[in-house]
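Presented as C-alpha cells, the chain that follows is alone, the form predicted alone.
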C-alpha cells in the first residue's frame, strides 16, 4: 500500500526501516555456522515488516522529534518475536510454504525448526532486556500471551468455540503483539497501544477470512490450514450456527480439498458470515483510527490512519485475481 507521506517523512521512514533491518541482523548474529545458515534463510524470505513500520510511524506521530534509538531496537525485537511465532506456526500448521518459499520445517525438519523458533524467541527477549526492565516485562508478557492464545485455539480443534473465546484467543496471539509494536521503546504511548490493539484485531479477522477465500497464488502460502486442522475461526463460528453441514466440511479429508473449499465459500456467502466478518473487521479498523485522535495532526498520523484502513479491508479475488470473491 502507498502511505500518504511527504518526501521528507518517506525518507525518514525508509531510513528507519533500514536501521531496524540492521538491528535485526545484529541481534541474530551467532558464531554457530549451522544456526547462522538457518537464520539467514529465515531473513532472506520476503517480508512486509508491518510491525516495524507500525513502530516507526507511531514514534514519528507522537515524538515530534528524532525517533529514539530504543524504538529501532524495540521494533527489531518485536519483528524477531513475530518471526519466532511464524516458524512455530508453520510446524503446527504443517505448512510447506510461506511468502512463496519453503518453510524451515520443510527444509530442516520439525525438530530443528522448533529449536530455531526457540532461538528467535530468546533473542527477542534479550533485545528487550537491553532496552530496560519495564520493556523486558512487557515483552515477556506478550510472548506468554502469544503462546496462550495459540495453545487455546489449537486445543479446541474439532469443537465450535464461543465467539467470546475466539476473540480472547486472537487478542492474546495477535492484538497484543500489534499493541507492543505500536509503542515498543522505553516510553509507552497509550494512544498508540490502543491503536495497535484494535489494528491487530482487524488484521487477524482479515487473515482468518482470507485463509478461507483467498487464492494461494496471490496469498503466497497455503490456504485453508485452520479449517483442515478443525479450527473454527470467526467466519466459521458464525456460519456453523446456521449451516449444520459445515461440520462435515471441517473434518479432515472430507471431501477432496478443492470441492471442500468451494463449498465453504458458498456457505460463508449464504449464511452472511463473510459479510459479517468484513463488517467487524472494519469496525475494529475504525476503533484504531479513533484511538489516534488524541495525537497531533501530522503526516505520520495520517499514514497510521491509512494503515488502519488497509487492515480493515478484505481484498476480494476470484480465480483470475479480479472480481468480488464470490464462489463461481
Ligand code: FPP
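Quick caveat: nothing in here was measured; it's all calculated off a predicted structure. Numbering follows the first chain given and starts at 1.
Omitted here: the form predicted in complex with farnesyl diphosphate. The next part is about that form.
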| property | result |
| --- | --- |
| Option from 127 to 135, 187 to 195, 239 to 247, 166 to 174 whose residues, in the model of the complex, bring a heavy atom within 4.5 Å of farnesyl diphosphate | 166 to 174 |
| Listed residue that, although farnesyl diphosphate is not shown, lies within 4.5 Å of it in the model of the complex (heavy atoms), from 206, 228, 123, 88 | 88 |
| Triple contact flag 10, 53 and 57 to farnesyl diphosphate in the model of the complex, non-hydrogen atom at 4.5 angstroms | no |
| Distance check, residue 105 to farnesyl diphosphate in the model of the complex, heavy atom within 4.5 Å | no |
| Residue 214 within 4.5 Å of farnesyl diphosphate in the model of the complex, heavy atoms | no |
| Farnesyl diphosphate contact at residue 147 in the model of the complex, heavy atom, 4.5 Å | yes |
| Contact flag, residue 179 vs farnesyl diphosphate in the model of the complex, heavy atom cut 4.5 Å | no |
| Contacts with farnesyl diphosphate in the model of the complex, stretch 74 to 99 (heavy atom within 4.5 Å) | 81, 84, 85, 86, 88, 89, 92, 93, 98 |
